[in-house]
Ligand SMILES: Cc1cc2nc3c(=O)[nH]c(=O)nc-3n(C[C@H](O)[C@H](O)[C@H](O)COP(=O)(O)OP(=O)(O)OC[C@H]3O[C@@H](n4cnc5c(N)ncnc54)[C@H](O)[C@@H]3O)c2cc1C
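For reference, the chain that follows is the form predicted alone, supplied as structure tokens.
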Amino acid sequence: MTKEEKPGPLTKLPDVCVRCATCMTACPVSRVTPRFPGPKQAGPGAQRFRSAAEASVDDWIELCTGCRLCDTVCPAGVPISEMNMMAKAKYLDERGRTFRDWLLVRSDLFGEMAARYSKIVNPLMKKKAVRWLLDALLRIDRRRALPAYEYPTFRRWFRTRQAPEGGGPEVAYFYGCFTNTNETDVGKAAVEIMEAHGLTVVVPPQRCCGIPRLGVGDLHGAREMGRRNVDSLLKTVRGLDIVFSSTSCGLMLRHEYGPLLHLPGAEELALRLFDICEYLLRLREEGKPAATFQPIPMKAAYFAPCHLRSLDIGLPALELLRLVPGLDVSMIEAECCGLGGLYGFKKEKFAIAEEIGKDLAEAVARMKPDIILTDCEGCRMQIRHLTGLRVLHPVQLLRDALERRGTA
């Protein structure tokens, strides 16, 4: 680890904790399993006794999903999730990571190839024999539906599309790996809704944001991914704003590159990074050209992802959705979907993810919506799994509601 890669000192931060246990009430994991002592104990409590020179003994630290809800409720501002992440990284560095984790975090390498051969890959991944093998050999739970791949990828679609003439101000789009290879329509909808607001969309060179590696405690790998993105995206933000449609990618780019990974240039980058709905709402508030919407008579439920709440930008998607005539949209009163990125795919954590998601599934059953909307790809996967309902990114519905694709 080079000097620039050393994390900031955490030794004094545990003493800021007032032991109020507010974070315990917010933690979705400690609520459903006694195996995880909760963020107060896992973070500032255990941090007081951790020593860099001694071997890690906190095997339960791997049960933290990284949702960051503890950070959002802490009245003292203690970076609990950062403490947990550093402890998880040390524990796994000492004990080694599994081949499963090595494989799962490299979707940026395998995704393009899987998408190109999606007509073969998708049916193969649904076969019971294949799922049993993945379960037995890699401990990827066979009850968890694997996301399908799509081709052409978003990147290829954008490169070959016919862009509308006479565009307005340029804005850059960070689409993310999952949008590129698994949910290409989210990217297409994002482009269309931005163009309907009078913007010209450009796609800068980009890599995986690195959050899958962060999720398995691989700080070195996450830092390498982040460094490549910062080097590339800094050239963009020195002329344009960048919007993202994935709240997890956005959180990584906007918050983790700087405070956690200490990447040079991260703070400059963060200043011009925006959630797509946050950005479109700001344009409207400034009186800039904005799209108009036709009526969509539908009952919708909106779920605010954990990582959106960590961005501390309010609920911009919900505000935009309420501009669509006829759309009856209500908040889902639940804290966490439970998937936690790759967390819910792992056999040893599948039951925890399911138990966490019960509150959400019960809330949806009471609401009886026609459709569910949420900004996070992981949440969309989990909610489909839990409810069987149609789940979209808010920009997909906003795109569908555009009035003849015109602008005001």
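Numbers for residues come from their place in the sequence shown, where the first is 1. Model, not experiment: these values are computed from the prediction.
Keep in mind that the form predicted in complex with the named molecule is missing from the display, and what follows is about it.
Chemist: Just checking whether residue 389 would be counted as a contact of the named molecule in the predicted bound form - the rule being heavy atoms within 4.5 angstroms.
Modeler: Close contact is absent here: in the predicted bound form, residue 389 is far from the named molecule, nothing within 4.5 Å, heavy atoms only.
Chemist: Within a 4.5 Å heavy atom cut-off, is residue 369 in contact with the named molecule in the predicted bound form?
Modeler: Looking in the predicted bound form, residue contacts with the named molecule do not include residue 369, since no heavy atom lies within 4.5 Å.
Chemist: Residue 41 near the named molecule in the predicted bound form, any heavy atom under 4.5 Å?
Modeler: Yes.
Chemist: Taking the shortest heavy atom distance, is residue 364 within 4.5 Å of the named molecule in the predicted bound form?
Modeler: It does not: once the named molecule is placed as it appears in the predicted bound form, residue 364 has no heavy atom within 4.5 Å of it.
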